[in-house]
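As structure tokens, one chain now follows by itself in the form predicted alone.
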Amino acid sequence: MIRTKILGLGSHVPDRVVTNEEIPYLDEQHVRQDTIQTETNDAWIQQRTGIKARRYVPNDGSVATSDLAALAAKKAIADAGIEPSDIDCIILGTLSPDFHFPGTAVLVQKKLGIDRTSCACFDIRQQCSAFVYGMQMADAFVRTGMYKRILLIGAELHSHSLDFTTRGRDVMVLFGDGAGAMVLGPSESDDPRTGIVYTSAHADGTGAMDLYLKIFEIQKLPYVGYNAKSREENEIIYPKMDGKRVFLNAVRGMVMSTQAALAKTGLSWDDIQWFVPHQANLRINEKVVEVAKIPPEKVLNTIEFYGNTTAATVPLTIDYWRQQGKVKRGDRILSSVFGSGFTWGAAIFTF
């Protein structure tokens, strides 16, 4: 039987570390000022999010989301022991594309030097749930024989689009830049517990306006009908979030999808080496672990030092802990995610 196997893994984060202590002093170009720009502090941020630091790209426009994606992809391709030319499909999840269109996946294809006639490119917009959504797509493509070497990427560049003011702090303090990637392909096996064992993806559009960015709302032509430099007028260009509703729905969705994954596969925590939740908020993950009765020693987080990298969090977290010697080949991982939309899902796979 054809099953989908993870052939390679890679990740990339920018060099710049932005600590909670620095956040209050950053301006809209994330340049440190002498005076406080945002009323917040380390204790306030850690209490609400568990985050201590995050990574930012340079603020000179020299790095785009496709650059982060390509760097992570190159590492995943090398880890798989193949060449970029072997990739016949790219699935890229991001909420921070290089520009409105075309999609960012084709830009990554070009930067990797993949032949223009032999590779399909998909951009998916499920935000924090994108990697599990993309894994479900990749699994279906591989099992049906449509593609043989799929590059699945989650990449985000948040630092250029955050509201560095007290008005925007609830969202601004959460996010960082980074990318993670996997190469997936077919493997012959009759063991249902190898490769990608299980995926589920769900959505509830009634929560769409609890976490959103409306800058491209088509009814608002022209898009910029205000002084973009005015703090009072430019609120539309920044993300908005109903934090309490997102928190409650995230816990519910991640708990339900985690429990369903185990129930539908017949697996228990004795069969799972690691739980890798989406890294939106450490307090969310702690609540999910408590309610779903997940063994704490099996939980892997990176949000403390990377922040929320949206579509990139799952592969980025796995790769980080692999580099630390925790995650090893053959380990079975359960990942649960939740994102704006609302969207959520879970996956079980053997790394």
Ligand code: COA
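Residue indices: 1-based, along the sequence shown. These numbers come from a predicted model, not from an experiment.
This protein has a second form, the form predicted together with the ligand, left out of what is shown; the following refers to that one.
Asker: Quick check on residue 79: any heavy atom within 4.5 Å of the ligand in the predicted complex?
Answerer: Outside the cut-off, so no.
Asker: Would residue 301 count as a contact of the ligand in the predicted complex, using a 4.5 angstroms cut-off between non-hydrogen atoms?
Answerer: No.
Asker: Although the partner isn't part of this model, could you tell me whether residue 137 comes within 4.5 Å of the ligand in the predicted complex, counting any heavy atom of the residue?
Answerer: The answer is no: residue 137 has no heavy atom within 4.5 Å of the ligand.
Asker: With the partner left out of view, is residue 39 within 4.5 angstroms of the ligand in the predicted complex by any non-hydrogen atom?
Answerer: Residue 39: contacts the ligand in the predicted complex.
Asker: Taking 4.5 Å between heavy atoms as the contact cutoff, choose which of 120, 203, 260, 241 touches the ligand in the predicted complex.
Answerer: Going through each option in turn, the one that passes is 241.
Asker: Only one of 173, 89, 71, 255 has a non-hydrogen atom within 4.5 angstroms of the ligand in the predicted complex; which is it?
Answerer: Only one option qualifies, and that one is 173.
Asker: 49, 128 and 211 - do all three of these have some heavy atom no more than 4.5 Å from the ligand in the predicted complex?
Answerer: Yes, because 49, 128 and 211 each have a heavy atom that approaches the ligand to within 4.5 Å in the predicted complex.
Asker: Spot the stretch among 112-120, 242-250, 142-150, 185-193 with residues whose non-hydrogen atoms come within 4.5 Å of the ligand in the predicted complex.
Answerer: In the other structure, the partner sits against 242-250.
Asker: Could you pull out the residues of 263-297 that have any heavy atom within 4.5 Å of the ligand in the predicted complex?
Answerer: Residues within 4.5 Å: 278, 280, 281, 284.
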